[in-house]
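Here's a solo chain for you in structure tokens, the form predicted on its own.
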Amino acid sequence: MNYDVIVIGGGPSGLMAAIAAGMNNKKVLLLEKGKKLGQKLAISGGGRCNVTNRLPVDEIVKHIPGNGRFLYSPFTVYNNEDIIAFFEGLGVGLKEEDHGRMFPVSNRAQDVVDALIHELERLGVDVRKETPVAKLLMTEEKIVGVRLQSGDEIQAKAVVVAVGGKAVPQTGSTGDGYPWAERAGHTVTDLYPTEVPLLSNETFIRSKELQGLALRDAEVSVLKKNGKAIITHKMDMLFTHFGLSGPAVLRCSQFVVKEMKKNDGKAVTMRINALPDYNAESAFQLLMKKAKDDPKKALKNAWKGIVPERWLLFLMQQATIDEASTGADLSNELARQLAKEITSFEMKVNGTQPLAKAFVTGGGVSVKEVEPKTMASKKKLGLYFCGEILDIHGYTGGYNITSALVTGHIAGDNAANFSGE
């Protein structure tokens, strides 16, 4: 059977690509190797689905540190406001939450998935689930179709590859598309985990004494060898039995990976400031004032509430301040030491959890080999890429889904146009 457009992958970008192609009245086939469409969408945003982000384009690009600038051009064709209008047109009301994050009013990710599936049905897109693709069929110049793992071949004038990366493999993202891209002449850049928890061999991590401790709105930095910060994120963080996690840490993770790569895999230093509105001097003044206000009070009580109690007691230990000592016992030197620990505690991390545990894949099909306004391959006619298979990755918060939906829409639309030429 012949099709105008075949879309491989039923995730966010593939669903969007199949819909965009279908809107052009083309004969479209969507192939998904799993039992369900939209598996990653259904679990995203804690099951609520953070469909996009309403921040201005410049801000969105800032939140996509992995080749976000590539998206400036696609955003002139289709952008986050178009995504919002699209979903509202399908009857999915959206609401804006903190940092511009957009969620369905119902708080149900499944409503988003259902709306996309109904739209595929309305447009008459053929959908085949549990149908894995083995390879792309191609000549020297162009793509001519796909071969399924069953051995069947399906002809098409254009093929959109939307199979995702290697993160969250339980949703079907197992890196199938990288060898296909390479066979078509594309470069696949090194793959690595991003938005992923960090590992540490520090004694206090191995002893699990801080396991489960959360620091709210802490300033977490990744440091270069010379002690300068590469990146700083002010968000919540969490100590775990293996290292560090939480939003601030996930955002820092890709910079840890890159710094380790630069330094032959050597451990990287992280800096934590649990009082981001203070520096060492102002924190020292605060500690001294509270200690002197009630010199008979045990210091751990005088300083209650400055930072979480477990963190305070741990840092007092680091600064060699006895838990039982009072304000009257406190020397300037020890108070300064504690102020330094509170505002710039440093620890080593020596890696990340594996790519399979990451939220997002770093690396992928080189964006230098893809036309930004069409998502067309610069190597093979009729081949289009979209979503996480591309070397584009952002922070969590609706940025990766925005990238997937924008590139998906553009890939599907242009694949349909190409098939009619």
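So that there is no doubt, residue numbering starts at 1 and follows the sequence shown. These numbers were taken from a predicted model, which means no experiment stands behind them.
Another form exists, predicted in complex with a small molecule; not displayed. Remarks below refer to it.
None of Val168, Ala291, Met270, Met138 but one reaches within 4.5 angstroms of the small molecule in the model of the complex through a heavy atom, and that residue is Val168. A single residue from the set Ile43, Val367, Val61, Leu55 has any heavy atom within 4.5 angstroms of the small molecule in the model of the complex; that residue is Ile43. Shown alone here, Trp180 lies within 4.5 Å of the small molecule in the model of the complex, counting heavy atoms only. When contacts are judged by a 4.5 Å heavy atom cut-off, Thr343 does not count as touching the small molecule in the model of the complex. A residue is said to contact a partner when one of its heavy atoms sits within 4.5 Å of a partner heavy atom; Gly22 fails this definition for the small molecule in the model of the complex, lying far away.
Not displayed here, the small molecule is kept clear of Ala376 by more than 4.5 Å at the level of heavy atoms in the model of the complex. Proximity to the small molecule in the model of the complex, taken as heavy atoms within 4.5 Å, picks out 171-179 from the listed stretches 305-313, 171-179, 326-334, 243-251. Judged against the small molecule in the model of the complex with a 4.5 angstroms heavy atom cut-off, the residues Lys33, Asn50 and Gly164 are in contact without exception.
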